[in-house]
Each structure stands twice: as structure tokens, then as C-alpha cells.
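Given next are two forms of a protein chain, the same chain in both, each as C-alpha cells and marked structure 1 or structure 2.
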Structure 1
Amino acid sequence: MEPDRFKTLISEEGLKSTRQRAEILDIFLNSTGHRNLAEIHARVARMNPKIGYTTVYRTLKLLTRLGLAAERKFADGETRYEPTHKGTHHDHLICLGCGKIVEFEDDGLESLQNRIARGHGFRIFHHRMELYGYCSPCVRKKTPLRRKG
């Protein structure tokens, strides 16, 4: 996102455009997703050690409100953030071995969820769906299946 578009977005909300917010957004958007606050703050602080943890916290909340960030809570319970610039909704495959997170999108899954909800008289607004298991490298590491000889 260009700095100017962010300034506009910010001021449309009646908020002020600050150096801190711009820096945090920049760093956040240019890093890989699913990071917790401590990680994001560490990265921000490497660039500008004056920026406090609280400001990073508040800015990530703000970005979430603006739709630029998405808050995630996987099984470990920690709050993580990911940029939404990829735009579309997606769910997650999470490796219990190495922690790798793979994103996926499946229309069949989405429509099945809606069908199930409708079957129970629910009108769904969002869902949460995470698949926990082992990625193929980790499966290979764990189960040496059978060796030659």
C-alpha cells in the first residue's frame, strides 16, 4: 500500500497520520503473515527502537479495523496477525512438527459449511477452520516407514 493511500484512509477515519503508524504498516505489510505481537514489535524495533510495544499493539488493532490486517488465534492461543493484501478468505493447514502454515481455499468447503449451517437454521457470518497434522517432510522425518535391506 502506498503511503498516501494510507494517509487518506487514516484521515477518513478522523485519525491522525503518524510516522509510527506508517512505519508499522510498512514493516507489517512487507513481512510474512501469522506473526504475534512480540515478533512484529521486534521487527519494528529493529528499524526504529523508539516505537513502543503499545503502539504496535494499538496499530495492529487499528489495521484490523481498517481491514488491512486479520487477527488469528490458532491452537496455541496466541493472537497473530496477517496482512490481508492477498485479499481473499482462506483457511489454514498447520504442521504440528515444524509449525509451517499452509493456506488454502476451497469453494466446496465453503458451500458445504453454508449448507450445514442452513440445515440448522443458522445464518453464518464467519467461520474458523484449521487442520492440524504433519506436513510431508515432517511425516518422512517421523516415520522411517521401511528401509531398504
Structure 2
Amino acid sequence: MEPDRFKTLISEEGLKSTRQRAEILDIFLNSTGHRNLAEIHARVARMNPKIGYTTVYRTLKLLTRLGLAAERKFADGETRYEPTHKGTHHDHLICLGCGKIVEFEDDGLESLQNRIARGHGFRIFHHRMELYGYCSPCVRKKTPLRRKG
């Protein structure tokens, strides 16, 4: 994201653009996956140890309000954040064994969801799909060995 665009978004919220917010934004936008507050703070603290936990928390809440971050709460109830990208959408496979989160995109699935909504006269504003189960390694761990013979 362009620094000037971030400054504009911040000022529209009646807030000041600070170096700390810009640093948190940069680290957050350049991260991958779904990170909890502690993980994001740890990354930020490596770059600037003077930035506190509360500052990171408030900045993540601000980024969520601005549409630059999405809060996700999966089955474990822990809040995680991920950067959002306009015009893109993905869904999630969540392993109940190890907690692994796999993002996936499927145009056919999106098309089907839109067709179902239209068939019911429904206009979709937002949706989220989370499929819970076990990843291959966890399935192998849970499957008892079968004896031959």
C-alpha cells in the first residue's frame, strides 16, 4: 500500500499517521497467513522494540476498520488477522488436529454460491467459508495400523 494512501485513510478516521502505525502496517502487510496478536507483536518488536502490545492491538483494530485487515476466529476461538486484498476472496480448510489453516480459491464454488443466492432473490454482501476436518498428516496419525492376514 502506498504510504500516502494510508495517511489519507487514517486522516479520514480523524487520526494522525504515526511512524509506529506505518511500521506496523508494513510488517503486517508483508506477513503471510493468519497471525494472532502475539505473533504480530513479536514481529513488530523485532523491528522496533519500543512499540508496545497495546499499540499493535489498536493498530490492528484500525486496519480492520479500514478494510486492510480481516479478523478471523476459527474453532479454537483465538482471533487471528490476515491482510485483505480488494477484489480477491478465499476460503479456509482448518485442521482440528494441528491447527493448520489452508487457504483455497475455487471459481466454480463462488459461481455456485452466487447462483444459489440469485435463485433465492438474495444479494450477497459478504461470505465466509470455513471447512473443519483433519489434514493428511493428522489423519495418518489417527488411523490405527491395520494388520495383514
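Under this definition, the rigid core comprises the largest set of C-alpha atoms superposing within 1.5 Å between the forms. Residue positions are counted from 1 along structure 1's sequence. Computed from a predicted structure; not experimentally measured.
Visitor: Quick one, which of these two is the form predicted in complex with another copy of the chain?
Guide: Number 1 is right.
Visitor: Would you say Gly99 moves its Cα by 2 Å or more between structure 1 and structure 2, aligning on the core?
Guide: Where the cores coincide, Gly99 still shows a C-alpha shift between structure 1 and structure 2 that is 2 Å or more.
Visitor: Fitting the rigid core first, would the Cα of Ala22 be found 2 Å or more away between structure 1 and structure 2?
Guide: Stays below the 2 Å threshold, so no.
Visitor: When you overlay the rigid core, is the Cα of Ile10 off by 2 Å or more between structure 1 and structure 2?
Guide: After core superposition, the displacement of the Ile10 C-alpha between structure 1 and structure 2 stays below 2 Å, so no.
Visitor: How much does the C-alpha of His127 shift between structure 1 and structure 2, in angstrom, given a rigid core superposition?
Guide: On core superposition, this C-alpha lies 4.5 Å from its counterpart.
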